[in-house]
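Okay, so here's just one chain, in structure tokens, the form predicted alone.
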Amino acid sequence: MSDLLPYPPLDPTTYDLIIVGTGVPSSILAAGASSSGSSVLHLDPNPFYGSHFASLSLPDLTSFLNSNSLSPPPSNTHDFLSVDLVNRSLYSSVEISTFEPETLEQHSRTFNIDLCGPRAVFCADESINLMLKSGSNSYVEFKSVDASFVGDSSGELRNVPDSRGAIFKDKGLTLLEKNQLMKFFKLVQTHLASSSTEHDETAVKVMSEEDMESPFVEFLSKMRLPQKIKSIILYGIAMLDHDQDNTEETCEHVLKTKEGIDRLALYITSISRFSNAHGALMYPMYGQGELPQAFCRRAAVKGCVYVLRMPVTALLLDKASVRLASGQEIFSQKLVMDPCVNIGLESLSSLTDQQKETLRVLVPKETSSKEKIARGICIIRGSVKAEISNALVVFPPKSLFPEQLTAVRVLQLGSGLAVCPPDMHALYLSTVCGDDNQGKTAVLSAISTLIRPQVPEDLQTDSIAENDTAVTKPVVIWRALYVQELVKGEFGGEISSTSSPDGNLNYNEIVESAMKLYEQLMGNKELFKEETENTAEEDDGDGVEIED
């Protein structure tokens, strides 16, 4: 740690809770625990907030993805009860390509690029509810995602309607399909209304219990919805990853109707929640990294102590303490670690079975059989859809090629969100996968469908003549591909860990895991019970002001 900046000793040296990593779940924990009156020390080995949920410049993003393949050397202590900790990489198969280095060098620090994209929030998302309850909404501004589409290998993008008016204005739907879709949404809304009055004996059950327990795709077929409409509902609104039509191969991922209705309810309630939001989805100004920072700012107001560039290098089992990279020992009975932190192999071999059980959260686990998330980032000149800057595109399973097992989600963001220069867009892609090659193949297929590759100047005329449609596609000027391991958070008593970014578009599961961990750590202390002020910063006219 020779590059570690000198730090004065921390004072105090004892805390109720030590949290390592400033990702979304860690930051929610820090804000919640600080608000409940606990003393919290929040550390991050990185020089920035957000950990794996951060938004970074292109040079910092490249450095982070590559340096995370390295682990710091173990500490020089030989204390039997000292357990060395190492940072293992969550990323594999990292490929970064630069096609216009001069252009990017001029603007390299004007990018705010998400590590865990594509990600957006529904207006009725649990993360928005928590921001309002905690008062963290004062520190972040959102803007609407302009439109959503479902795509295929031909490059056709079909609108995902977000209102009654949008359905009838959609030129891609026949009159029969418009009526079928309206009838289905009306059925869902009637069911939701009857469910909200379930104690009313006069309320009529719109959907039977048998329907609610059946596969959602079968219920949609029962409603006689055509395949095009079913695809929009399953993948463009419910945001499912796995193929729902082949239930034999994906039986463990088949969604029940009651869960599908819950997802539609999130979409429907998001559309009308905020008066100045133009659809169901929003995105934070300056990138997703603003969300963990908002909770960190709230935690700091409540007394949480923050130290960046400070790794934890060892656990001292006999002292209920940790050793920082600075050499200082800090004491706490509760420790929450970043998902990339593990026990060093040398220390692991010297532990007893009982000690391994105590430290089970940090014991390296076999990861070959786990799901992963293949991610892609492209900086492009132009837009994937003319005259639309911020847009979501979903390619359902098998829509790009027959062997495509999971949906590929694509989120395009423009300069109005302060994530890139005015003449460019940031494009995020992701898909859940079982292995690196499978995931990257799907991501690359989506990229080639939407984007025109760089062509040498001496070949441009011939290439354009061969394929006139390529002229309208945006051109890529920078690209990153990588595969991220999916790690679930775990409560381990004195030592716990938080979740890595998942493969979902929104934060609901991440927030739910953080809230569950808070309950396990803090007992019956209500999360953000004392927070009553839900004020928001003044809106500049086109931002979404979130407040109750």
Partner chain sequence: MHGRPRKAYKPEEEAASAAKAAKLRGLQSQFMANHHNKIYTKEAVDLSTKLLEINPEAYTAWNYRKLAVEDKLSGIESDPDLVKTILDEELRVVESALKQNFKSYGAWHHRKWVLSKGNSSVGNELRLLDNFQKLDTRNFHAWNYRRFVVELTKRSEQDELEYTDDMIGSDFSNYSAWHNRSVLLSSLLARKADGFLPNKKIPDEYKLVQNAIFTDEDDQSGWFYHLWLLDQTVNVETPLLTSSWPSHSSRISLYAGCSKGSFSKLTTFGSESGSFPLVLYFDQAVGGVSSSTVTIDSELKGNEDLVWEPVSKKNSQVSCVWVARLKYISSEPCFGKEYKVKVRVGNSPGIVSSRGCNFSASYEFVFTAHVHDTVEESSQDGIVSWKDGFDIWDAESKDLNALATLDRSNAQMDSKWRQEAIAEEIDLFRELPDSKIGKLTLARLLMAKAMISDDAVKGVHYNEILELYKDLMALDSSHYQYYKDEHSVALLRKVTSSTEDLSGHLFRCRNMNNSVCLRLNNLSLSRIASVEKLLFVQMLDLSHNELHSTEGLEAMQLLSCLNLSHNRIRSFSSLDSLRHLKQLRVLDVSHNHIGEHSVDTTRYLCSSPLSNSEWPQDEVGSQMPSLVTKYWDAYFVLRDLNLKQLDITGNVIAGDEFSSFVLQVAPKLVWLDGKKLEI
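Note that the coordinates shown come from a computational prediction; the quantities given were computed from them, not determined experimentally. Residue numbers count along the first chain shown, from 1.
Below: the form predicted together with the partner chain, not depicted.
Residue 300 falls outside the set of residues with a heavy atom inside 4.5 Å of the partner chain in the predicted bound form. The partner chain in the predicted bound form is not approached by residue 228, whose heavy atoms all lie more than 4.5 angstroms from it. Shown alone here, residue 308 lies farther than 4.5 Å from the partner chain in the predicted bound form, counting heavy atoms only. Taking non-hydrogen atoms only, residue 415 never approaches the partner chain to within 4.5 angstroms in the predicted bound form. Only one listed stretch (312-320, 164-172, 279-287, 342-350) carries heavy atoms within 4.5 Å of the partner chain in the predicted bound form, and that stretch is 164-172.
Taking 258, 398, 178, 107 one by one, only a single residue has any non-hydrogen atom within 4.5 Å of the partner chain in the predicted bound form, and it is 178. Out of the listed residues 212, 182, 475, 94, 182 is the one that sits within 4.5 Å of the partner chain in the predicted bound form by at least one heavy atom.
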